[in-house]
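Okay, here we've got a single chain as structure tokens, the form predicted alone, with questions on binding and movement later.
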Amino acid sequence: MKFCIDDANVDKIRRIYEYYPVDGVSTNPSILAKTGREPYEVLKEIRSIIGEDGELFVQATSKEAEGMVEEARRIVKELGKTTLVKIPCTPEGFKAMKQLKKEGIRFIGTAIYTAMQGFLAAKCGAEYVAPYVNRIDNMGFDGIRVSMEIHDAITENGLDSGLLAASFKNSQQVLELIKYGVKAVTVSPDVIEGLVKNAAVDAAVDQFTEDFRGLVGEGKTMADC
């Protein structure tokens, strides 16, 4: 399973990459807008952090298929072939996906709220499909359940695609889909930090340190013994 960062804040991305085993970065127009910077300037800096092998997800903003395809060509030209273009799962989006598949441009179906959207994007050749887990919850439905339904539909029909589940509010949602075996998740830095944040862990480590200090003296570690 791949584990990606859902953000465009380069300082947060750099920190997460330093400490955690992540595979890429997912952005969208709203996330980019929060930076207040020119989009390609930010995206190229992110690319420099994650390297040429890291997957970078960048969304097309046109509403018509022709515009989405034109954007996709520019995005890949500027950011490299390990960049996947996020295409919304609308009729125009599906049309664009079919053309991108012919051109060999990697893409992901996004803005997914229903299982059929995800299935159709996979049928169009999307490498990933991205259901919005928490946003689905906020509409009164079950985002985890919808994500599982998409995963099952793709798997049972032998499609070469998989989930990049997005829009998480807590670590439990992430854990449920990890256990279910989805292809990837993209998670905000705050939620990633929360995956291992636990007062009991901190207390245990502090106790180990204190006990060892009593044994060998202040400031010594196993490297000094």
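Just count from 1 along the sequence shown to find any residue number. Keep in mind it's a predicted model, so treat the numbers as computed, not measured.
Missing here is the form predicted in complex with a small molecule; even so, the following discussion is about that form.
- Only one listed stretch (146-154, 131-139, 116-124, 68-76) carries heavy atoms within 4.5 Å of the small molecule in the predicted complex, and that stretch is 131-139.
- Comment: the small molecule is not present in this chain, but in the predicted complex one of I46, A166, I192, A60 has a heavy atom within 4.5 Å of it, namely A166.
- Not displayed here, the small molecule is approached by N28 to within 4.5 Å at the level of heavy atoms in the predicted complex.
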